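First comes one chain, alone, set out as structure tokens in the form predicted on its own.
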């Protein structure tokens, strides 16, 4: 189950963070997302030490922590997507599919002429699409 998703700008500024658990866990999940940015920077700046190639946008499993697994995705514009999941046996294909759909929703949100680049995403349509994508996560690999 996905417990948190985040969009972080190229200057590590949070553009969108949504948690799907109780309010008590929200701060903890925000901290996990923030800590994952160091891992993303390490993977991007030291591509030889970590698996993915430079042209690969899916960063894979960033790190496991307690009862969570944290996955990352980096767009061509250096915007980072972070996914925090409680499922310990998630398939990479499902996570890739999630990020592909999440990226499409993000592109639609920032393509809105009223959206100011670099500012927080406040679109209700984007939030609804993200909720739909999160609910359908893992149900099928087809997308």
Partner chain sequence: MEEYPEELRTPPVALASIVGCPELHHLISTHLLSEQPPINTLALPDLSKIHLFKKKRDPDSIATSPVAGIFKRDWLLKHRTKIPSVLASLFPSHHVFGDPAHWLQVCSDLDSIKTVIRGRNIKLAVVVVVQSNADEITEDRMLALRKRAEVDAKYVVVLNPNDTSELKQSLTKLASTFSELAGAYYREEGRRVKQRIEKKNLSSVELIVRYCFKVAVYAEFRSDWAEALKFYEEAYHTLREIVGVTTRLPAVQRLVEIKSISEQFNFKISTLLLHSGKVTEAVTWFRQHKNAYKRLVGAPEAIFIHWEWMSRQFLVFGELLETSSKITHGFSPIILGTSSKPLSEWEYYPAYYYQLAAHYLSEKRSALELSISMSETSKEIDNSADSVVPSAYVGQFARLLEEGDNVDMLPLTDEEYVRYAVSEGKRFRDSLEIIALLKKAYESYSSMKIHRMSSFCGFQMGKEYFAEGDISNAKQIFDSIASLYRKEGWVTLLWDVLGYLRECSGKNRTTKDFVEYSLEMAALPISSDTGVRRDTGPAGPANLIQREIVQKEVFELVSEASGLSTNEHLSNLKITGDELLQLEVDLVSPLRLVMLASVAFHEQTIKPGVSTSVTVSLLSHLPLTVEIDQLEIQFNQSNCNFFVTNAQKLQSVEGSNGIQQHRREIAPSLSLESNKWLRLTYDIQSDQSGKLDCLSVIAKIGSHFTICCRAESPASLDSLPLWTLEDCSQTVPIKDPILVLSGQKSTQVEEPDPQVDLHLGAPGPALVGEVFLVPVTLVSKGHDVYSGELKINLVDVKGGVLFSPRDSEPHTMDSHHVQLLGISGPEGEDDQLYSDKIKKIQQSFGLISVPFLKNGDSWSCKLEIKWYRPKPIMLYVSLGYTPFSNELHAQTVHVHKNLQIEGHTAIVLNHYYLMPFRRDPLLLSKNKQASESDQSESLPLNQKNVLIVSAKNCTEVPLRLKCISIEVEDDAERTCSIQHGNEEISNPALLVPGEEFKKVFSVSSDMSSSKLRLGTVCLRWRRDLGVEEKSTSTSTLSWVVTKQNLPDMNLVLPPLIVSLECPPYAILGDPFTYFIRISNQTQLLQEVKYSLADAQSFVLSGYHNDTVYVLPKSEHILSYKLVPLASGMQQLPKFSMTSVRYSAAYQPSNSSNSVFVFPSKPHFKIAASTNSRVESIANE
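Numbering follows the first chain given and starts at 1. None of the values given here were measured: they were computed from a predicted structure.
Absent from the display: the form predicted together with its partner chain. The rest refers to it.
Q: According to a 4.5 angstroms non-hydrogen atom cut-off, is residue 31 in contact with its partner chain in the predicted complex?
A: Close contact exists here: in the predicted complex, residue 31 approaches its partner chain to within 4.5 Å, heavy atoms only.
Q: Test of understanding: in the predicted complex, would residue 84 fall inside 4.5 Å of its partner chain by heavy atoms?
A: Taking the distances in the predicted complex, the answer for residue 84 is no, it never comes within 4.5 Å of its partner chain.
Q: Determine whether any heavy atom of residue 110 comes within 4.5 Å of a heavy atom of its partner chain in the predicted complex, and answer yes or no.
A: Residue 110 lies outside the contact set for its partner chain.
Q: Verify the contact flag for residue 129: yes if a non-hydrogen atom of it lies within 4.5 Å of a non-hydrogen atom of its partner chain in the predicted complex, no if not.
A: So residue 129 does not count as contacting its partner chain.
Q: Residue by residue through 71-107, tell me which have a non-hydrogen atom within 4.5 angstroms of its partner chain in the predicted complex.
A: Sequence-ordered list has one entry, 88.
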